[in-house]
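Read the single chain below, which is given as structure tokens and is the form predicted alone.
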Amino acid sequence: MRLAAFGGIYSNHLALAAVLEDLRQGGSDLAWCLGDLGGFGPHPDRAVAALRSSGIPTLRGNMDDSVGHARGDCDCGYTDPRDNAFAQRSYDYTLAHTSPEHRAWMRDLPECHRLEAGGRRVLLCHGSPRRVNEFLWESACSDAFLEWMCAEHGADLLLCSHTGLHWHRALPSGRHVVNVGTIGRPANDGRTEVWYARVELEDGVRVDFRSVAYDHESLAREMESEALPPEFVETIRTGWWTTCLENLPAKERRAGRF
């Protein structure tokens, strides 16, 4: 089984198109989107339409749940007032520009999905198996905690997203946890490419993180024309996060510019 997984499209329809093309060339047996279709970027309906047309099965992230049910905010899980203010602007724009048809589709998406492959129990989720908006940061998750979470939720291989930063941990028990990253914005690494994961399940677990380039300058111009925050546009153009920084653990924040 060769499984591809990506999360956090964040309305970046240009990055999604590039990832879909990379998937077509990569020969995966199965691909999944782990949720959060809107937010951050422009024209959310373009990304949703492209994803639905692709036929790739999709989970319901916190943004999708909020947009689908027209809730008051994105339930992103931030605690800092500045981060929440940016999240609210992004959510209000996304909600206003997502069609009723797409919102109805989002409401019916599953929150988690289970499958078996290569003799392993695979669990796909958005944030974590216990909470859709839980942030599983690499530096903040001990082996013991990840072992407990996998055992508690019956998973030998856990795939998640939500944080925006990709990582893989092989645990002492032989279990694996993979944060597949997001394709809607760069990984706070000074590169404009975005990331997703390919997992091969045969005689063990092999994880390959794929970086995908796309026309980020065109996306930045679209964001400017839609009057989205210039801080968001700067992230797309430079590869460095300018928002959601207070939520980062110290190690992940030190790896960025700000």
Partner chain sequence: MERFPAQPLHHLDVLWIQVAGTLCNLSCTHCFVTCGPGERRHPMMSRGEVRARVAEALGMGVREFYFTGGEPFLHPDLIEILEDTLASAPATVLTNGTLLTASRIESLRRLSDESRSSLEIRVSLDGLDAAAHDAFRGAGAFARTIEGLRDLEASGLLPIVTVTHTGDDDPLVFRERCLHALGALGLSRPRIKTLPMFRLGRETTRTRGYAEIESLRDLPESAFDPHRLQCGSCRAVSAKGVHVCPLLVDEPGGRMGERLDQTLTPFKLSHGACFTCYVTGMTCGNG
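Since we're looking at a predicted model, the values are computed, not measured. Residue numbers count along the first chain shown, from 1.
One more form of this protein exists, namely the form predicted in complex with its partner chain; it is left out here, but the text below deals with it.
Heavy atoms within 4.5 Å of its partner chain in the model of the complex map, among the stretches 129-137, 157-165, 95-103, 110-118, onto 129-137 alone. Screening R89, R71, R82, H153 for any heavy atom within 4.5 Å of its partner chain in the model of the complex leaves a single hit, R82. Taking the partner from elsewhere, A18 is found to have every heavy atom lying beyond 4.5 Å of its partner chain in the model of the complex. Among heavy atoms of D75, none comes within 4.5 Å of its partner chain in the model of the complex. Within 4.5 Å of some heavy atom of its partner chain in the model of the complex lies at least one heavy atom of E246. At the 4.5 Å threshold, heavy atoms of L123 stay clear of its partner chain in the model of the complex, well away from it.
Residues R24, L30 and G184 are none of them found to lie within 4.5 Å of its partner chain in the model of the complex, as judged by heavy atom distances. Heavy atoms closer than or equal to 4.5 Å to its partner chain in the model of the complex belong, across 233-258, to the residues E246, L248, P249, A250, K251, R253, R254, G256, R257, F258, ordered by sequence position.
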